[in-house]
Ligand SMILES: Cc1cc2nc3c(=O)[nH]c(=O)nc-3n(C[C@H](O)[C@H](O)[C@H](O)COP(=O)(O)OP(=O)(O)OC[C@H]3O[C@@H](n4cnc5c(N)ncnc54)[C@H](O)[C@@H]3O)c2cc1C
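Next up is one chain by itself, shown in structure tokens, the form predicted on its own.
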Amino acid sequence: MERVIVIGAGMGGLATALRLAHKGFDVTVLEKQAKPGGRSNVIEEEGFRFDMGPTILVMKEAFDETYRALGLDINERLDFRQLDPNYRIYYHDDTYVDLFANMAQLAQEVEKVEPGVTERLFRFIGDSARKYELGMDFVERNYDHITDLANPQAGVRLVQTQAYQNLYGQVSRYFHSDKLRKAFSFHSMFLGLSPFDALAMYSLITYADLALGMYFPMGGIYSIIEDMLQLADEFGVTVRTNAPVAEICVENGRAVGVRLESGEEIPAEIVVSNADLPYTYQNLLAPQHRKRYPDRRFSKMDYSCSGYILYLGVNQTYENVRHQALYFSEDYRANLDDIFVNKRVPAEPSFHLNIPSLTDPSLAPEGHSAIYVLAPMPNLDGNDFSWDETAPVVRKQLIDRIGRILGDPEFENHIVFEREYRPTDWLVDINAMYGTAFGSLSQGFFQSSFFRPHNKARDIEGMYFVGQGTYPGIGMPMVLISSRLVTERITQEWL
């Protein structure tokens, strides 16, 4: 029985460990932090429970398939609730629009903003559906050669859908109002890309949100991690926390195990890294073993943005809000350019507002609310400002705007628990390159599919990768698909 070491107990690492154990491999997972989960970790204090990273899931089929591959039904183990609406979008002038998955309700909402837009809305959704179909052709496969990209039919659809064009520019053809252009173009942010730079292909994410629905597992996203850990115990997977890896050991071009920071050496025939991929190459592998990925190659890659997060426990409940919302500042372009181009904190941050206790009251004490706020921020590459000085300013801006959204002028006085998470924390806690929040390598064309780092090291036998740094890319569904793809590759080569 081949021994497998999985570095990192993020969602992708745990899913891979379970899949490989189910196939008969002897699997050990090594996690740096005190708790498994990676970006999908949890805060549990003073009766509050907060997901630290992702808060909502889309493309639920990726989760269903992961459990089916293990002979299980995830819906029998976890309780999922579909959000309705998916989002409430707030604007600087105190107006808002709800984005429903129900097309009739969605049309009614957007007509309030832009009368006569319904036909163009449905055209946009239909065209986005075709991009989704096209994009999934390139997502659910392993790549070995550039010829694997060859697909004449896909090439025709690429031209027909004009998926190669600019995302914001193409969205603007369907929607004439600034408010709807914002509402239907922001999704590329979750791939670490400004909609002003992203391909129109990524309107497929908007389609996935609207057509496939957005779901919340009761207990939060971390309840999935907890269930995976229970399964790991049942499947005989060893999960070790507080076990940071210092080096992947390579002999004669083969991975032979790892050395922990404690000095302990653990042998294995197969090593799968769920740690941040650039970190793995640059910090865990000696330079002579990574000639295809030297430091200079990573220095030329494009990296996604970071984020500043507030986790707030509030001794009030609010009925005039939705589980999930977004706030857009007035100057959308300036906001995004500050994050991605100028590498500075936006003058007025836009943000994601999540109040999971509206759906699951158990996440906060009775009569209280658990509130999560994420403001996209520049990553740490080239920053010339101090987060010690910047964080209090950003916090004040966010608190003031949230109080206005909630209609609670005393909002700050109602905060009874507070924790913040800065870009520097992403760097320290999970070794995220430049403190990136959503995933390290952004999802531009030349960092996608075949062009993204592969899930098998080309220089080292027995060395593999899983997670957002390899294909298909960023986001929990993509990470779970990544787990399936690397498991397929390993089983084909070792069984």
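Sequential numbering from 1, following the sequence displayed. This is a predicted model, so every value here is computed, not measured.
Here the subject shifts to the form predicted in complex with this ligand, a form of this protein not shown in this document.
* Look at the candidate spot formed by G13, L374 and V479 and say whether this ligand comes within 4.5 Å of a heavy atom in all three of them in the predicted bound form. => Contact check passed for all of G13, L374 and V479.
* **Segment that reaches this ligand in the predicted bound form - one of 65-73, 42-50, 456-464, 26-34, heavy atoms within 4.5 Å** => Single hit among the candidates: 26-34.
* To do: State yes or no: in the predicted bound form, is some non-hydrogen atom of S449 no more than 4.5 angstroms from a non-hydrogen atom of this ligand?
  => Flag for S449 set to no.
* To do: Answer with yes or no whether I399 is in contact with this ligand in the predicted bound form, where contact means some heavy atom within 4.5 Å.
  => Looking in the predicted bound form, residue contacts with this ligand do not include I399, since no heavy atom lies within 4.5 Å.
* To do: Report whether the minimum heavy atom distance between L284 and this ligand in the predicted bound form is within 4.5 Å.
  => L284: contacts this ligand in the predicted bound form.
* With a 4.5 Å heavy atom cut-off, would you call L485 a contact of this ligand in the predicted bound form? -> L485 lies outside the contact set for this ligand.
* To do: Have a look at A200, A208, I309, I89 for me and say which one sits with a heavy atom within 4.5 Å of this ligand in the predicted bound form.
  => Answer to the contact question: I309.
* To do: Counting only non-hydrogen atoms and a 4.5 Å cut-off, give the residues of 272-293 close to this ligand in the predicted bound form.
  => Counting only heavy atoms within 4.5 Å of this ligand in the predicted bound form, the contacting residues of 272-293 are N274, A275, Y279, L284.
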